[in-house]
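For reference, the chain that follows is the form predicted alone, supplied as structure tokens.
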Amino acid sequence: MDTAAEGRRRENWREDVAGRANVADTPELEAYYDALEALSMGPLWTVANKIEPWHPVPDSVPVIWRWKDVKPAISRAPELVTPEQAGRRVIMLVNPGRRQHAAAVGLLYTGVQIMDPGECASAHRHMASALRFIMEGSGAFTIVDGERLSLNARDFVLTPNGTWHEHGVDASGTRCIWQDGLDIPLMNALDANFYEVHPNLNQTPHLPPEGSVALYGAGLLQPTEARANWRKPYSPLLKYSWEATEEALTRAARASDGSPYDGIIMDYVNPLTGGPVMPTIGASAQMLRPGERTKAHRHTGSFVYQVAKGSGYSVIEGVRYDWTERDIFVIPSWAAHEHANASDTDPAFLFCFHDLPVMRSLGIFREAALDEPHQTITRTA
């Protein structure tokens, strides 16, 4: 959204729509450009506004992957490949503008994974930070550096970078489907990615089951000398249950009006620091009260949402995206957006992961309200 000052800058520089300065091409200039290209050089003035835009212009576009399409697609995978064959039986959700990076939005990856009772994928670790949000099923588990964590629908579990981890479903459970979230595109953009398979293929749990939940999950901490032993950059609490999350949001709604832009929103945090759960990926949960429609705003950072409960819609850059439970949608950086609960009687809940820890660590987070409280809806996706 251009300001008056920005408009004056555009007029003064007199750029055309291609982002080139006001330099007319001549045969001599074209020959000069060719000579520069042969030397792996180039004239900045031909691309200045493209590589240094007036505001973020992401390649990512808003996308919604509806559960009615995702579930049949992922449900076919067990008929075709085993966990041993596939390594990880996942279908990726790929943004049309970020296909070459296998990204869902910005530098964030997401996919949907499926496992049947009795299956367990091999243990591995990687430089990318990762998380899981359980969509449906029972008996799922994750083992992280020797700690076994049982998972129910809508539970959120961390597998931070560098940790050995594996996923499976108990033989007594049911088919489980969950959403994966990772910063693989960021690690690849930084040329810093690594991947390693566990030498024994699977871990032998050696820590108390749910130990991190017992130590850090109740809002109480042991004395300082005990906490001082945790020196890792990610949360020592590895599982965040949905039961506790929904209760926290519901109680907060009784005591606070929340955010005009996000309703009742709460961050999942590292209980030792109050900061994000991992250095490069943050996560939040929000509740839209019955009939609530938030105001429109925009900010830097890329966001991947999953509808945990309820139904409603989001307006992203003037386009309405209707959503219901288990739908997944993305909001690119600096895209104007707002959310609404379609029900007048029941709350709606959204889970989200994002790259705000990176934005804030680098000092590049920026946020702005729109001039009007709501966008004009131009169409429905």
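The first residue of the shown sequence is 1; numbering continues from there. Fair warning: this is a prediction, and the values are worked out from it, not measured in the lab.
One more form of this protein should be noted, the form predicted in complex with a further copy of the same chain, which is absent from this view; the next part is about it.
Engineer: State the residue from R88, R293, R175, K309 whose non-hydrogen atoms include one within 4.5 Å of a further copy of the same chain in the model of the complex.
Structural biologist: Checking each option against a further copy of the same chain in the model of the complex, the one that comes within 4.5 Å is R88.
Engineer: Is there any non-hydrogen atom of Y313 lying within 4.5 Å of a further copy of the same chain in the model of the complex?
Structural biologist: Y313 lies outside the contact set for a further copy of the same chain.
Engineer: Can you check whether A21 is within 4.5 Å of a further copy of the same chain in the model of the complex, heavy atom basis?
Structural biologist: Output for A21 is yes: heavy atoms within 4.5 Å of a further copy of the same chain.
Engineer: May I ask you to check whether K232 falls inside a 4.5 Å heavy atom distance of a further copy of the same chain in the model of the complex?
Structural biologist: Result no; K232 lies far from a further copy of the same chain in the model of the complex.
Engineer: Taking the shortest heavy atom distance, is V70 within 4.5 Å of a further copy of the same chain in the model of the complex?
Structural biologist: Yes, V70 sits close enough to a further copy of the same chain in the model of the complex that at least one of its heavy atoms falls within 4.5 Å.
Engineer: Indicate whether the candidate residues I51, T245 and R254 are all in contact with a further copy of the same chain in the model of the complex, with contact defined as any heavy atom within 4.5 Å.
Structural biologist: Affirmative, all three are within 4.5 Å.
Engineer: For 106-138: residues with a non-hydrogen atom within 4.5 angstroms of a further copy of the same chain in the model of the complex?
Structural biologist: Stretch hits, in order: G106, L107, Y109, S122, H126, M127.
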